[in-house]
Every structure is written in structure tokens, then in C-alpha cells.
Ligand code: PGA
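Presented as C-alpha cells, the chain that follows is alone, the form predicted on its own.
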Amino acid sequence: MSFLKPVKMIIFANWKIYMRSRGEVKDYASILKNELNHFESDFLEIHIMTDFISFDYVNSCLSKTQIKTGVQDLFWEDFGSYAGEVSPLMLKDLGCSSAYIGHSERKAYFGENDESINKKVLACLRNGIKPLMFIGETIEELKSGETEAVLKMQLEKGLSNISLEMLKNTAIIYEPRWAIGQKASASASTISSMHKLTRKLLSEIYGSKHAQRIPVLYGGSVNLDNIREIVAIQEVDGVGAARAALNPYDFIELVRITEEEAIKRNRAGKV
């Protein structure tokens, strides 16, 4: 079965909290502004997922570019007595374009679950912030043959009460939890089959016509050695990179490789 691909591919740099000073942040943003001032924005979306402290500076620095600035989490209520949390309403007021939701580290270290992920996805959508929602299985779930059941549950619960209209501004990131931080990503055949499975599960929720239009990205040890092979997989609509994107020049190269594939798909009429 051939799928109608999304109009654009997506690539994002996941900073986590690797930036250790304002100087590093300024240097990175300045290099992007100067060196990545043109790309095929009709075919490609670029997001820099900053830490909260760096967000406002990076967003301001890149405001006249087509690079979007996002965050790595947010709270599910717009305002109220929630000490220490960050409001999606305030982030939107500051110009936040996107937020990734449900990263495995949020689950492992901070008790994130499918219900809280769903609340945060809804918070993004009601505030005009694009949610990039993570799904993925652990090594134990993979070995016990639970992958499909796990992904099905994550999608059903994470996208609960998400209408077809809301879905237009939503993306899914398949990131096998066993591939995070490794030297090698999942194999190309595994990535392809898992993305096909994700699309099938989305079709069961929304119907195949609408599911075909949801971008499904890949994350998990994406780097300069493997990105060309990964983005060439037709089921992959983009990628996220963490440590491989911490050097701005390396991230620019990741962008250019993804851009090449996006252009190729559009010219071939496959997007």
C-alpha cells in the first residue's frame, strides 16, 4: 500500500540540557542564523528544541529566519497554582512554535505516562503549538513481542480526544527506547517496519486517508553516519537528533541531507 506523504519533512535538534552556558547558546544560534539562512522551506520544517532558559533568546535570534523554536516539555494547564511548571499560554505568548511531548527520559525520570502526555498534547493544540509526540518500546517489551500492543496503547491514549482538525498540526516520533544514546540506530529494515506499523495503528484510529497525512518521524541515535540511510526510508517523514546536533555545523549538515531527500520526494511526486 502506498501512502500519500506529508507536504513537508521535519527535522529537529534536541538540546536536552547539554548547553552549559549562555555563550554556547549564543554561538549556536548565531551560526544557524548566518549559515542556515536559506533552505527549501516549502519542503522542510526545522525546529530547535531548546531548554526553557534558552528559549526566549534563541527564538528572538532566529525570529527573522524560517527556523522554528520549540521546547522539550510544558504543563497541561494554561495558568494556576502549579509551582515550578511552565505554562503553554506563556510559551505561546513568547512565540513558541512547537513542543515535543512524552520523551522516554520524561517517562523514566519524571513519571510521565500516557494520560499526562495526552493532557500536554491537548494543551499544545489549544494554544497553537505543534506537538511532536514520542512513542516507542523498551528493550524488554521488544524482546517479549509486546511492541505492537505498546505502540497501540501509546497512540490511543496519547491522542485521546484529538480531533481530525487538531491532527493537522500534530506529528508522531517513533523512537525505540533501546536505541537512545547508542552508537548505532535501529536498522533500516526495523525502522521501516516500525513506521509501517505506526501508520497502520494510526489508520485504525483515524482511518487510512487521514492517517496517511500524519508525519511520523524517527528518533534514536540519528547521526551523520546514518542519517542519509534513515531519511531515504520512504516511511520516514523526518528525524530528530540530540548529541549529533549539538555542534551547529553538524546539525546544518543533517539538515542539508534531509533537505535533499525532501526535494527528491517532491520532484518525484511522492510527497
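The first residue of the sequence shown is number 1, and the count goes up from there. Remember, it's a predicted structure, so these values are computed and weren't measured experimentally.
The next section is about a form of this same protein that is not shown, the form predicted in complex with the named molecule.
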property: Contact flag, residue 46 vs the named molecule in the model of the complex, heavy atom cut 4.5 Å; result: no
property: Contact of residue 114 with the named molecule in the model of the complex (heavy atom, 4.5 Å); result: no
property: Exercise: residue 162 in contact with the named molecule in the model of the complex, heavy atom 4.5 Å; result: no
property: Partner contact for residue 222 in the model of the complex: the named molecule, 4.5 angstroms, heavy atom; result: yes
property: Stretch in contact in the model of the complex with the named molecule, which is absent here, among 33 to 41, 49 to 57, 200 to 208, 235 to 243 (heavy atoms within 4.5 Å); result: 235 to 243
property: The unique member of 73, 85, 141, 105 whose heavy atoms fall within 4.5 Å of the named molecule in the model of the complex; result: 105
property: Selected contact from 90, 180, 122, 188, since only one has a non-hydrogen atom within 4.5 angstroms of the named molecule in the model of the complex; result: 180
